[in-house]
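The form predicted alone is given below as one chain in C-alpha cells.
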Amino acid sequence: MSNSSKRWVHRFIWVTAVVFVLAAPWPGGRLLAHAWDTEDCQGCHADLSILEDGGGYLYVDSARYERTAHAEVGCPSCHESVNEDHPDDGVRPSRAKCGECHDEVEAEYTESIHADNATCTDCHNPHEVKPVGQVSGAQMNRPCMECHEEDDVVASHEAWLSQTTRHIRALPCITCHTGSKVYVVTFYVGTFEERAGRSPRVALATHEELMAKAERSEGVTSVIDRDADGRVSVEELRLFYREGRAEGLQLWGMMTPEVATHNYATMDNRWDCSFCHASGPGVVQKSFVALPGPTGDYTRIPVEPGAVLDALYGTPDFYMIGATRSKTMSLIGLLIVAAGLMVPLVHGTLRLLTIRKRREH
C-alpha cells in the first residue's frame, strides 16, 4: 500500500472515531451532540402556557428557581435521562435522589419521627427551595401545616403554653422542634389590624405594599435602611417605629434558627419559657430585618449589634425577659422594694424604743 493510501486510511479511521464519540450514548441516555442545559429546559417549563394545558406540575418559575442553590448545578444534574427526543419519546425523566447530594441531612432525617410519614419533596419543592434566611416564619410553617392543622396544634400546646395562638402564629415550628445551635432575632414588616378587646391581627407586608411606601429608585430596603449603607442602625429602627405606626406598619420579631436541622423532635428544654425569654441578651445582639422580594423570597439586612435592645426598651411589641430590662427601672424597683421593707423595720424599731413609755401610759 502506498504512503498516500495509508494516509487516507488513517484519516478515515480518525474521522470515524470522532463521529462515533459524538454519536455514542452518554450516561443518562443523552447524546453529547444534543446535550440539554438549563436554558433549554426553561424554554418550555418556564412558559406559562404549560399551565393552560393542565401541566401545572411541570411548570417551573424561572425567577424563583434562579434563587435556589439548585440553579448552580442546573436541571440536567438531577434529570439525567432526558435525551434529544424529549418530550416526544414519552419517557418520564429520571429524578435524582436528594441523598445523593444531601447525605448528611438524609441520615439525620431518617432517624427523626417524621421519616415514616413524609419524603423530602413533601416539604420541599426542589425548584423553589431556599435557606432559612430567605423565607418568612409563615413560609417555614407552611409545610408543617400541610399535615398539622392549626387548631390541633393549638389544642396540643395550650395545656402548658400561655397565649398559645399568639405563639403558634408568631414562631416557626422549627424554633422549638429542631436542635439548631444558633438562633437570631429576625424582624419582618407587618401590617397590624387593631381589634377591640383582642390582640391585633398581623399580616406580613408584601413587596408591593412596601414598594408603595419606599423610594422607587432605592427599592424596598429604603423603607428602613434610610442611608442605604446595607445596615439598620439604632436611629433607623427608632425612626421606623415612629413613622411606621402612622402608616400601619410595625416590626414583627421572632427567634429563628440560622440553620434548620432535620432531627424533628420535641426538645426538652423548649418546655421552659426561659429558652426564648431569658436567653435573649446574647441572642438579640445578632439580628436582621427581612424584607420581601418580588418573587416571594426575603432578603435580610443586618441590624447594628445591640440596636434591638437600645431601640426597643419599653416597647410593648417586643418582650424578652432579661433582654428588654432597663437598668433605671430596675434601680427604681429596688428602691421601691427597699422602701417597702423599711416601713416595718422603722415601725418595729420605734415601738421597741418607746415600749417603756407606752407601758407607763
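From a predicted model like this one, the values you see are computed outputs, not experimental measurements. Numbers for residues come from their place in the sequence shown, where the first is 1.
Form predicted together with a small molecule: not shown, discussed below.
J.: Pick from R226, H124, K286, K213: which residue has any heavy atom within 4.5 angstroms of the small molecule in the model of the complex?
T.: Of the candidates R226, H124, K286, K213, H124 is the one lying within 4.5 Å of the small molecule in the model of the complex.
J.: Find the only residue in V220, V189, L237, V132 having a heavy atom within 4.5 Å of the small molecule in the model of the complex.
T.: Exactly one listed residue reaches within 4.5 Å, namely V132.
J.: Exactly one stretch in 202-210, 134-142, 227-235, 241-249 has heavy atoms within 4.5 Å of the small molecule in the model of the complex; which is it?
T.: Every other range fails; the passing one is 134-142.
J.: Taking 4.5 angstroms as the cut-off for heavy atoms, does V182 touch the small molecule in the model of the complex?
T.: It does not: once the small molecule is placed as it appears in the model of the complex, V182 has no heavy atom within 4.5 Å of it.
J.: With the partner left out of view, is E111 within 4.5 angstroms of the small molecule in the model of the complex by any non-hydrogen atom?
T.: The answer is no: E111 has no heavy atom within 4.5 Å of the small molecule.
J.: Closest heavy atom of E106 to the small molecule in the model of the complex, within 4.5 Å or not?
T.: Contact check for E106: yes, within 4.5 Å of the small molecule in the model of the complex.
J.: Check whether I301 has any heavy atom within 4.5 Å of a heavy atom of the small molecule in the model of the complex, and answer yes or no.
T.: Result no; I301 lies far from the small molecule in the model of the complex.
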